[in-house]
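In the block that follows, a single chain appears as structure tokens, in the form predicted on its own.
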């Protein structure tokens, strides 16, 4: 991979893999990388051929966090540029990914450090290699976990886990990351690509409209009380039925009750079977 391209995109079927491409720096995030990631994710979100997005790093590492030289020191005397790139960095790593219309998967191998926890925890799913290395190392070089790192870490795991790793800065492996809840699960490093591909294929078998609504709903209700959540979910359910070309509810119900062609506990209904506005086989 060329050093001149801080971000690359690879495609396989409906899956787009967005690659942080600074392997010589363990994919430490520079201003150019942030701009490239923001632009790539914005384009893929509206690409009709893309059904699922994977975020990974080049050269065997996810990301070593922010590039201390290019992101911090080089911008110390450039407040306007620093503010602008901080906005871009926060946008793609959190606001864009967290609310993304399509399912997203973080594929973690090698190092996942500091600022990289934002895109790790903004994605919908995360699969890691058993031997990957995680660290909230900011405390070891004199700052707190900045941007939104402290917030998203505190929201994602139990308070004692968040305090322990943020205050000590200790490194921990993928299995520990799964135990405390930073990732969904881990596999041996040599199985990681295949496992992520399998997860992406399973997600793409679902109704895209319903899957988008479900993941957005699960995120939003976390900060609501019960009455707010009930009203929100009722409105969301109505919106699915109005804006779903698959008519997923009717098709799924017909395939289960009338056709007896699938079992929803074990598999999704078959997509693309709506004919003349009526459920198909």
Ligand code: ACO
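Residue numbers count along the first chain shown, from 1. All values derive from a computational prediction rather than experimental measurement.
FYI, the form predicted together with this ligand isn't displayed, but the following is about it.
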Give a yes or no on whether every one of 26, 64 and 67 sits within 4.5 angstroms of this ligand in the predicted bound form by heavy atom. yes
Candidate from 166, 199, 89, 113 lying within 4.5 Å of this ligand in the predicted bound form - any heavy atom: 113
Please tell me whether any heavy atom belonging to residue 137 falls inside 4.5 Å of a heavy atom of this ligand, as the geometry stands in the predicted bound form. yes
Is residue 143 one of the residues lying within 4.5 Å of this ligand in the predicted bound form, judged by heavy atom distances? yes
Interface segment, criterion being heavy atoms within 4.5 Å of this ligand in the predicted bound form, picked from 43 to 51, 220 to 228, 26 to 34, 241 to 249: 26 to 34
Taking this ligand in the predicted bound form and a 4.5 Å non-hydrogen atom cutoff, the residues of 233 to 266 making contact are none
